[in-house]
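In what follows, one protein chain appears twice in different forms, each by itself as structure tokens: structure 1 and structure 2.
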Structure 1
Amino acid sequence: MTSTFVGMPAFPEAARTALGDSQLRANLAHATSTIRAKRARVVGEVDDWEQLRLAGAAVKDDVLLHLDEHLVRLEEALTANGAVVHWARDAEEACAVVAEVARSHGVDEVVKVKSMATAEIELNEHLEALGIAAWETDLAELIVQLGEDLPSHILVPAIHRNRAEIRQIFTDRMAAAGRPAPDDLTDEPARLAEAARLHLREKFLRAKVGVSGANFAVADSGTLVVVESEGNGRMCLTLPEVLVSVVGIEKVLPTWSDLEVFLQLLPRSSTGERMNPYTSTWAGVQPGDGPQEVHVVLLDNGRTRALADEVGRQALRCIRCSACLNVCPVYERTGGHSYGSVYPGPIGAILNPLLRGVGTDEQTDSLPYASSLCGACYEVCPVRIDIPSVLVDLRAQVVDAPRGGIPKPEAVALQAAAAAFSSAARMSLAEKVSGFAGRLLGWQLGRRGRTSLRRIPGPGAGWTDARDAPLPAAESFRSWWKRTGGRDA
């Protein structure tokens, strides 16, 4: 049974569990530090890196301002190239299109190139319920699938696994899914890659239907683009007779020349390479070459909701490089599963609430708080998404969402504070009550040899989980001044 993120707890609870896993923290620290160092080296070679970032942001902003026009041009070009274009408002509609294509060709399996859009809509689970197996062909995605696990990183979904764990997964699970792992398999990376290659080759050769996403979609020529490092994508895009590509509507670029900017930004920011080993492009049907039936599903699934957010729409610039994850101190310590989504880390902390909307579930509403607001994510983002600013704005939205309904304890406390601060008489009364409590607590704690509260009961318990609470002052400043006139200062 494939795992899903449905039912995941809110970030604080999930993060607390992750922090207790020392092996997870060690795996993450090693992997993210390695990727960070590679990125820094290749970015340092580019004299005009900041100009490239500005250019990438400008292209994406123009796309978002004229998204309707670019999408119409893309549809026209794809149709002229022989592709069938489908529009999907949500995950259900997108999954239904892919399932119908698979069923119309009588297949019980499809091969997939790594696609975050299909993971977002939980396509594999939908097809599985219909008796259609969706085989992941990206090495890290294969590890996650065989281990009945969940992805935890945008670029390296199995970043939370080490080599010994991967070897065990291959040894235990490959045979049930197809060609078994070699009996003498070791945890050397080359041997693990070889085992995956042999396992997948038979799937590539027999699959009639392939499923992909796209990193970019060029509107003027109807060209879809996938960048990858292993060649599995090239196999999925060329060998099957039928290809279905699920593409987020924000992936569109106006012209081929715009692609030049992103093919410099993406590999350096993601894998720390000057170029991706494989950059595949396809434009509809080419007689006698590649799939002879091509479908493109243009996916909304909350993107127009995000587009309507004046502060948050910049998140749709994202090119899924994962640079923000690799520098985030919160992600490095808690891992991707804590975010409860295929989009983890800083970008997930803003993208998920923007796509789903705030005020609907506790897990989504917890994500804007999964950050220290250190700003490292903004510094490395190749398209200059100001993630900290969006996080702050989303926190305000989360606070405002319950207005008009049953207020949360935090809101009640803040309303009480506002009422006290807005009236001198109420403020004076609050100071007297606080002073009395301070004297009483001070006397009681003094008898025990303590000077502070170790834990506040009730709603205040969360504040004192990681800090001591000082005692309320026994005398307010105004009372002290009135009594002494400042002479004791």
Structure 2
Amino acid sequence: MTSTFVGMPAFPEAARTALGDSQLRANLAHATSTIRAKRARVVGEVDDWEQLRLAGAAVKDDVLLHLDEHLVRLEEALTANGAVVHWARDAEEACAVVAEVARSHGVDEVVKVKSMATAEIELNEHLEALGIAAWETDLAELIVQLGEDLPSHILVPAIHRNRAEIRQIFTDRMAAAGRPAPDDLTDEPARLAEAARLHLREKFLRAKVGVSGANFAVADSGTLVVVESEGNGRMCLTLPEVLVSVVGIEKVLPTWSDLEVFLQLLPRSSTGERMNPYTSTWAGVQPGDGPQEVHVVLLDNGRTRALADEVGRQALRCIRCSACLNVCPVYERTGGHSYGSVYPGPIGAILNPLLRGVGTDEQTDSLPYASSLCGACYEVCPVRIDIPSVLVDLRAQVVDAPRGGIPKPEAVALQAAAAAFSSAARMSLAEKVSGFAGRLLGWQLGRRGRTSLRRIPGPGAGWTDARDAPLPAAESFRSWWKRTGGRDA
């Protein structure tokens, strides 16, 4: 199961804390607006972008419809290529496989390619408990790891940090993890990158075991694919003697030629580049070239639960590009930590509840409500995941889960509203009461020269803490129509 960051409160509370951090909001606004503009530019230059999106969605839907067959073909092809395939039902089983591979080679450290699946199963923490250090080699993951921090973005997990903070983390923490940062380190990007490169180089050259995920797993050829920008992935995938890759079962693609679609969709949606700098592919073991022992862990961890959800299963099309995070006005203001998971933002708001199931904990149940349903995420999703519709469906699941128990005040309010809205006569009566209140309040406020409400008691206070509220109209449209027939409009 994907776990919630330890001690994480429900979204509204976590968001409130994040909203108070003006440095965080400035960092995020700057970073997301930059990457949004880059994406828009490179997507705009592709004439058949909509056709590509449709193709991407269609391939993934076919994969999900025939997942069992594709996975068996993948296993056969990988095995024929000399890889060892493991099946993991959950995080515990997957972590145990990786730990056993490391133990069988007697190592106390592994180097890692940036991987969402291994973050999801908390592999680093699991290995650490067994005395095995898992070194992150992606620059942003390194920043998060050295800072003993949590990731806040799928693609750029240290998006909440600025250069000055990164310099401080390197200066304070690198020495304990290996080669120290230079004494005269500045916050120039080139100097920071150089410090990271020197620090990591030792680890690349020393490590016996590499750990990765995979962006795609091609069933017909038995090939895994990693798409990256920094070259650290290429190092981890080629230098160690042993390679273990943890791959979500939804990552399978039927054929090699399907990559054509996704290698166009992913970089443009993700980093806003036409093509990513490094695309590594490997098909099992190649004698004398690269790792000579290759393991692949096929991970379920809630994916079959998501697959069983008729509306929500489209979330398994996700290729982890982060375009939805970068356009989300909620994410931009609250940051990734508020979502309490390695999968933040709009995709996290649906994926976490789908993987974990709803109705068991308040944090998970708060995620489908962490959206204004503005639809910007759906517009940019390269595989057309209708995130707003999935959010609305999950909200219904959250509401339906405890039906029959003691109703929440919200349920009472909405049930009362629904009763009023089920008949015009009842609604008309409610309006007459509110209209009377409106006339009374209007008369009182009018004596003070005001036309709106500054404070509503009770649950309405959430509105008026920062916003004026309108007065109920003294005469509803309905009463006016009855009186005039619409003639003096």
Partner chain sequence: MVTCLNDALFPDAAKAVVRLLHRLGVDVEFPEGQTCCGQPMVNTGYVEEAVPVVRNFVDAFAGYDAVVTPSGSCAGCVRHQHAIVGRRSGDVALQERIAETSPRVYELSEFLVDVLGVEDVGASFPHTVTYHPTCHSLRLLGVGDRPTRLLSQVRGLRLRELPQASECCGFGGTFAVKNADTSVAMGSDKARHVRESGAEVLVAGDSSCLMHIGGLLGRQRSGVRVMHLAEVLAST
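Residues are numbered by position in structure 1's sequence, first residue being 1. In this text, all values refer to a predicted model and were calculated from it rather than measured experimentally. We call the rigid core whatever largest set of C-alpha positions still superposes within 1.5 Å between the two forms.
Here the chain coming from the form predicted on its own is structure 1, while structure 2 comes from the other form. With the core held fixed between the two structures, Leu19 has its Cα displaced by under 2 Å. After superposition on the rigid core, the Cα atom of Leu67 is displaced by less than 2 Å between the two structures.
Relative to the superposed rigid core, Ala411 undergoes a CA displacement of at least 2 Å between the two structures.
Superposing the two forms on their core, we find that the Cα atom of Trp480 is displaced by 13.5 Å between the two structures. On a core-based overlay, Asp468 has a Cα shift of 6.8 Å between the two structures.
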